[in-house]
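Presented as structure tokens, the chain that follows is alone, the form predicted alone.
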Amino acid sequence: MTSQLRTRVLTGITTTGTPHLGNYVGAIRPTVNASRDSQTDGFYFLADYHALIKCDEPARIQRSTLEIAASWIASGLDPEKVTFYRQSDIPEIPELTWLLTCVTGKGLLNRAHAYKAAVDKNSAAGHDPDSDVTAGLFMYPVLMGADILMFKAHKVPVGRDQIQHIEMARDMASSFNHLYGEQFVLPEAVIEESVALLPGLDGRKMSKSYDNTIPLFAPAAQMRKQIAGIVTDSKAPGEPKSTEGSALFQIYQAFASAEESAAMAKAYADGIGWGDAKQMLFERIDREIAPMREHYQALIHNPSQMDKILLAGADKARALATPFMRELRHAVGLRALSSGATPQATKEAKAAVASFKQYREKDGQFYFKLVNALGKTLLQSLGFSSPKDAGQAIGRLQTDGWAALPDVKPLLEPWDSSQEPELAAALAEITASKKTD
């Protein structure tokens, strides 16, 4: 496999509703900013397969897909510089989901938060534990794993409540790699604590489920009215107010600079009236959102243009997904019968080439080893803090072979000098096979 020097970042938004301020500060704005990093390759998708788990209203899913796509682009995402696509336009994703299903333990899925919450709710109500629990809900983590692993993402920005799904994706990748060779990159979750959760009108997490959202591109008059409805305490103008636990202040802080936030905190301490504070919040949000609103409306009224953008993104995504899926099909044995891959031929092929194995230990560190066809360890790495670092070291050894050892040696445990002829031969085989790929 080719070593990836650039960092791949992937994130998606489920298409079940109109984008709101929480989506903007928690997902859209951070990913737009990240997409401008010349050292990363961004993969941004509309998770419409995921939407089917939560929503059975076709028109709503279609409308939400348009609104979220338009919101991302109006907010500054450049489809020419990233891979921007609709999940359902990539048929390789559900195919990969099935392959991962076949290496994923049911016990792992039993522990998924969403499934456990549904079971606990049913049990508390005296119902059958699996009442109204669809296979889609149960399999949600596998589909999410396919989203991530298909494009060999290194980093996946998620909310804290989604960390478990990244860990599950890592488990799936490790199980598959153990059985079929090093195919997948082990992803890392990335959390921006300051924007992980944005409070809604009632102080709870801003969510369509609570009906407490402020639509991102609502008309200015509507946004002002909704901000006026944010729940506050009963302190009168002139009374000092605490920023602690104030939904209004938290939303303001998500849009304001450090200096602006400090000024608002002082205004709280000086007893600003809630009406004035809400007006300040509206003005600060509108200053950022208003310039994008016209572009958003233009996109919303031209869905055929959005289709073209998304299909172009799908072409770009499938340029990677289709050949990779072909490799995965071959790895698991879904091959042409004339390929010569009989059990004996497969055994002989394995005996001919050593391989690298990458894995994670209980200490949270990432390791790799070079083993011969009989499983004998020829090289063992020290621990790495990220799978990307381990992958880059493997890439050096795969590309440069023995010549890379002086540079990589500080990252390795000492090896038996008597094994050096076998080690040199194994590295030569690997570099030769890469050159012919």
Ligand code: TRP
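The numbering used is simple: start at 1 and walk along the sequence shown. None of the values given here were measured: they were computed from a predicted structure.
One more form of this protein exists, namely the form predicted together with the named molecule; it is left out here, but the text below deals with it.
Asks: Look up in the model of the complex whether Ile148 has a non-hydrogen atom within 4.5 angstroms of the named molecule, and give yes or no.
Replies: It does: once the named molecule is placed as it appears in the model of the complex, Ile148 has a heavy atom within 4.5 Å of it.
Asks: Taking heavy atoms and a 4.5 Å cut-off, does Val156 contact the named molecule in the model of the complex?
Replies: Taking the distances in the model of the complex, the answer for Val156 is yes, it comes within 4.5 Å of the named molecule.
Asks: How about Met144 - does it come within 4.5 Å of the named molecule in the model of the complex, if we only consider non-hydrogen atoms?
Replies: Output for Met144 is yes: heavy atoms within 4.5 Å of the named molecule.
Asks: Taking the shortest heavy atom distance, is Ser207 within 4.5 Å of the named molecule in the model of the complex?
Replies: Heavy-atom contact with the named molecule at 4.5 Å: absent for Ser207.
Asks: At 4.5 angstroms, heavy atoms only, are Phe84, Lys152 and Ala314 all close to the named molecule in the model of the complex?
Replies: No, the candidate spot makes no contact with the named molecule.
Asks: Can you check 131 to 139, 172 to 180, 97 to 105, 157 to 165 and let me know which stretch has heavy atoms within 4.5 Å of the named molecule in the model of the complex?
Replies: Only one stretch qualifies here: 157 to 165.
Asks: Among Lys54, Arg396, Arg36, Lys376, which has at least one heavy atom within 4.5 Å of the named molecule in the model of the complex?
Replies: The residue from Lys54, Arg396, Arg36, Lys376 that makes the contact is Lys54.
Asks: Which pick from Ala47, Leu405, Ile61, Leu370 sits with a heavy atom within 4.5 Å of the named molecule in the model of the complex?
Replies: Contact check passes for Ala47.
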